[in-house]
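Okay, here we've got a single chain as structure tokens, the form predicted alone, with questions on binding and movement later.
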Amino acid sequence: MWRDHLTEIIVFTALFLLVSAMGFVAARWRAPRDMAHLDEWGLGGRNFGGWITWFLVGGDLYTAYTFVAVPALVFGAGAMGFFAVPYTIVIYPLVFLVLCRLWSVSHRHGFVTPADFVRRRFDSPVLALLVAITGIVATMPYIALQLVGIEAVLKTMGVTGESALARHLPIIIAFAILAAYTYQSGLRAPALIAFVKDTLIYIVILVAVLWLPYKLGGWGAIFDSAEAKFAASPNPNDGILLNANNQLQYVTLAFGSALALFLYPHSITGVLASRNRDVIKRNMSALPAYSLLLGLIALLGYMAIAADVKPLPGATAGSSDGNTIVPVLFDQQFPDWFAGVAYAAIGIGALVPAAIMSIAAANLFTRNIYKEYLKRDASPAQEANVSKITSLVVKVGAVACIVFLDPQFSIDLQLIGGVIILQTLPAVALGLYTRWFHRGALVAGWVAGMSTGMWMLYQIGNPVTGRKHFAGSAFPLSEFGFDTKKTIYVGIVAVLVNLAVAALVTLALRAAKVADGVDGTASDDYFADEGDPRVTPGSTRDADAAPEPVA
């Protein structure tokens, strides 16, 4: 009952109201010139410095869902759950220079979305539309998953009801407040709130990794408890160490997730809001500090095993909700007031990425669908207004996913989202370095990669949940005719197919001398920095010149 958690509810509510107030105040923070412009509403004026960007991007990538799902996976499967740690380490060297180039060309041309860049680089509205739709579709379930984190906290505090409406009413209220201050303040709201969110998470996790091992008998006892649990598991792939059957899945999932991370529109939005290239370079060097925190968060799964934590009942009879592992652990092992702080960290941790994701999805719709196909002469004020309204629609859609869909299906949708967004890698990431791929070939590669990924995902079932299709992203190699029990991450196979088709079709189209459009960027655009002049749309160079492709 909620009365047994009154202190936790009071602390949670107080901190939630505090950050909500900060969200509304953010509209006046850093003196925006004119909020009726996507540069101000959607990118915070493109003027965030090192600390703001660090908290914003970190708060965007390390979400409430991360806080509850990674330990839950470690609790249920063991070592496999640690895939999130190496992928958030290897990603930063991979994107260090890539993101600097993206920032520079976006600063020079005023791009707001990755699809803006693809449109200008490849002179292809069709390819840009595919990139935009892919980004929106991949982002929607990600927003819904932030609600899964809040729902786990509310369930642990006993804030539930018999009917679907009563059970989800607190989430609806929370997202209504989020929608209101995001509509008013734009990207400044999550940027300001991220300071509070990340500070709370750091405090909670550091206290937990110091206190819980002491209380549970030390790290040796914790790992012994985990090893004993997995030894009795009917799944041979569960354990505190990987085995021959799941190593390939672990490696490909980690690498594929790393490649996908900064292709998500919300990740790019945080980068484009930076003041200059040096801010990005410093952040790519400093963001691995969050990976250390993520490793500590993952260990909460083993601590929950040692503490004999039992997840709360799930939505269906006889099921359990693994996402409640961490909230229940804090409820059992800490004083009520500190558990309330931990719950607030998770709840606020959902608001920051949800706001950025909805803004990023709205920017894609506005720039690459509304302005490209519905109203080419839209003014900056009209763009900002459409983006605000779209962000509200996106949030309503995310709430609907939680209210009407099984939360487990939302989780599976997010895994599918990673496979989907990877198909933009050739056009966006590789496009920053080379114009070699033909625009028609990139469209063909996208179709081939997406079709392959969807076919593979359709073949994946889960006998535990009873779902026959789209029940994960681990594809058994036996389906390809190999005599093995190994699995591989679908996203890696799909993007390799994408690249192979794009390369082959490029050679064919070049041989057939099919027109490839005009590259609207120049070599020096990819090295532009703060203070460098921007290219005015419709200028002589922008419209008539054919700059040398960047190799």
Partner chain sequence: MAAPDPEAPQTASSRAKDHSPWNWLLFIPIVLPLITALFNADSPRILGFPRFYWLQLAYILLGVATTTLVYQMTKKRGDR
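Numbering follows the first chain given and starts at 1. In this text the structure is predicted, and so the values were computed from the model without any measurement.
Unshown form predicted in complex with the partner chain; subsequent notes refer to it.
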item: Contact of Ala254 with the partner chain in the predicted bound form (heavy atom, 4.5 Å); value: yes
item: Any non-hydrogen atom of Pro288 within 4.5 angstroms of the partner chain in the predicted bound form; value: yes
item: Residue contact check: Leu242 to the partner chain in the predicted bound form, 4.5 Å heavy atom; value: yes
item: In the predicted bound form, Tyr250 touching the partner chain (heavy atom, 4.5 Å); value: yes
item: Partner-contacting position among Phe82, Phe475, Trp446, Phe175 - heavy atom within 4.5 Å of the partner chain in the predicted bound form; value: Phe82
item: Among the candidates Ile203, Leu292, Ile389, Val137, the residue which, in the predicted bound form, approaches the partner chain to within 4.5 Å (heavy atoms); value: Leu292
item: Candidate spot Asp321, Glu372 and Lys375, all three touching the partner chain in the predicted bound form (heavy atom, 4.5 Å); value: no
item: Answer range among 83-91, 305-313, 363-371, 185-193 for contact with the partner chain, defined in the predicted bound form as heavy atoms within 4.5 Å; value: 83-91
item: Partner contacts for 271-286, taking the partner chain in the predicted bound form and a 4.5 Å heavy atom cut-off; value: Asn276, Arg277, Asp278, Lys281, Arg282, Met284, Ser285
